[in-house]
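Only one chain is given next, in structure tokens, and it is the form predicted alone.
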């Protein structure tokens, strides 16, 4: 398998002793988007939480997960190098746009000027030049979504997880944001898992689609 891929091997989630999902064995290559679909309650979001290391204690998980050739199964969330984007942008309301983005930068970038340059460069690439000092509350839904993605990317993840990130946007904004997301992840060659209920999301991802059923992995 590709050592630069996100890999799951026999990953199984249980809730109350019942198999919720799995076993799943899957490899997602560089720049590839694999879409996970299934009915509500089948465990799609729980699977992403398992990958992130944030699975609630009510669940138990087995199997192994690796990212860029590193076994991350037992690592804490902050060491897994996985970025995740949710339905809600989760921007910090007490911080400016620039401060939200700075939160994701590595402490190794210690120069204030260099950090500012990285933030301004990211905003410019996203069509948001000059927005660093803006209050997130003044942004449109699409602008907030772009800032949320930029924050994830500035953390330099080795793989990306998308948990219904387009579902709360209006149709026109959703289409533009899909293109923005997929263009950025492919430019960075990020292996990506997308969870969605929307067939249009899956079509736009232009990758494999896996149908999940509670208690088993689909094809």
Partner chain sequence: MRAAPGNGVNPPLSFLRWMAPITVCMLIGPVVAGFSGTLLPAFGFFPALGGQTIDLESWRQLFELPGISASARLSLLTGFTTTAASLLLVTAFCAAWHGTDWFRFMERLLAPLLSVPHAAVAFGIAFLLAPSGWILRLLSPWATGFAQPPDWLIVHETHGLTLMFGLIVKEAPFLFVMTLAALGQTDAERSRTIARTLGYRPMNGWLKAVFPRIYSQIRLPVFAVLAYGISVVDVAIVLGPTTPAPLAVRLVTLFNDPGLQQRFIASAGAVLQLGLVALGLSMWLALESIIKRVGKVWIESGHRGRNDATARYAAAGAAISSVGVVFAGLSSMLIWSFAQSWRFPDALPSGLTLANWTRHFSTLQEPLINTVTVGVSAVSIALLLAIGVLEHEVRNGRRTFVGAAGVLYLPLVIPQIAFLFGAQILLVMAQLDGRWPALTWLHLVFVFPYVFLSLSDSYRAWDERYSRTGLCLGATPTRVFLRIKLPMLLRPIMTAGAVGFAVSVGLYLPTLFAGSGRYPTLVTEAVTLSAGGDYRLIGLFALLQMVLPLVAFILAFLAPGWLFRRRHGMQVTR
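All figures in this text were calculated on a predicted structure; none of them were measured in a lab. Numbering follows the first chain given and starts at 1.
Keep in mind the form predicted in complex with its partner chain is missing from the figure; the text below concerns it.
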item: Listed residue that, although its partner chain is not shown, lies within 4.5 Å of it in the predicted complex (heavy atoms), from 193, 185, 65, 152; value: 152
item: Of 125, 88, 117, 71, the one that lies within 4.5 Å of its partner chain in the predicted complex (heavy atoms); value: 88
item: Region of this chain that lies against its partner chain in the predicted complex, out of 22-30, 39-47, 185-193, 170-178 [heavy atom, 4.5 Å]; value: 39-47
item: Exercise: residue 112 in contact with its partner chain in the predicted complex, heavy atom 4.5 Å; value: no
item: Contact flag, residue 82 vs its partner chain in the predicted complex, heavy atom cut 4.5 Å; value: yes
item: Heavy atom of residue 129 within 4.5 Å of its partner chain in the predicted complex; value: no
item: Contact test in the predicted complex: residue 54 vs its partner chain, heavy atoms, 4.5 Å; value: yes
item: Neighbours of its partner chain in the predicted complex among 178-195 [non-hydrogen atom within 4.5 angstroms]; value: none
